[in-house]
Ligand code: DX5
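The data below hold one chain only, encoded as structure tokens and taken in the form predicted alone.
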């Protein structure tokens, strides 16, 4: 894996919402590759997330930064037309939120977006195998979904290796995204095992003494250097 395959995707759920515009500017200056937008409906998870239209507003202001929308909702299909209208780049959903994962994946791709599925901590990695040929990325939750600021579940590390092995066994090149409690030790270990996308938050990018922009640069340098990439 090359350094270019390390993608920093800061989660805007960690922003100070009263300062979201300023902090998005700092993320852009720091070289963030994706903006991660958590959309929650209060049903699939007991929390309400960011509005879908934020993806469109981000794309309008920062056209070079891709938007990564994580749907934590009970009816992912119903959100897709609005995501298409707001020019989302990447869209992931939880397989247990629908009985028709292949249909949702196909629809996302037909609308011109990249499609992904999410694996919860209580689900086996093998649960994605029936749809593995229809995804552009797989999101491995390393905390329970729904709330920012949780700590990384260390027993997720073997699951990263399992997902990488699944990808290699099928000779595929979908991206592997790590979402939840990302800090330096676990991010470096996940990178060494083969993950590419990191949904960063308060342990790496936000609320850092050297500011958001420099924290983004520091995180990128650490993964490229300490993970031997």
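Since the model is a prediction, treat every value here as computed from it, not as a measurement. Numbering follows the first chain given and starts at 1.
One more form of this protein, predicted in complex with D-xylitol-5-phosphate (DX5), exists but is not displayed; see below.
Contact between residue 40 and D-xylitol-5-phosphate (DX5) in the model of the complex is found at the 4.5 Å heavy atom cutoff. Although the partner is absent here, residue 202 is a contact residue: one of its heavy atoms lies within 4.5 angstroms of D-xylitol-5-phosphate (DX5) in the model of the complex. For the chain shown alone, residue 24 is not a contact residue for D-xylitol-5-phosphate (DX5) in the model of the complex, no non-hydrogen atom being within 4.5 angstroms. Of the heavy atoms in residue 150, some are within 4.5 Å of D-xylitol-5-phosphate (DX5) in the model of the complex.
Stretch 30 to 38 is the answer when you ask which of 186 to 194, 51 to 59, 30 to 38, 162 to 170 has residues with heavy atoms within 4.5 Å of D-xylitol-5-phosphate (DX5) in the model of the complex. In the model of the complex, 70, 72 are the residues of 58 to 83 with at least one heavy atom within 4.5 Å of D-xylitol-5-phosphate (DX5), listed from first to last.
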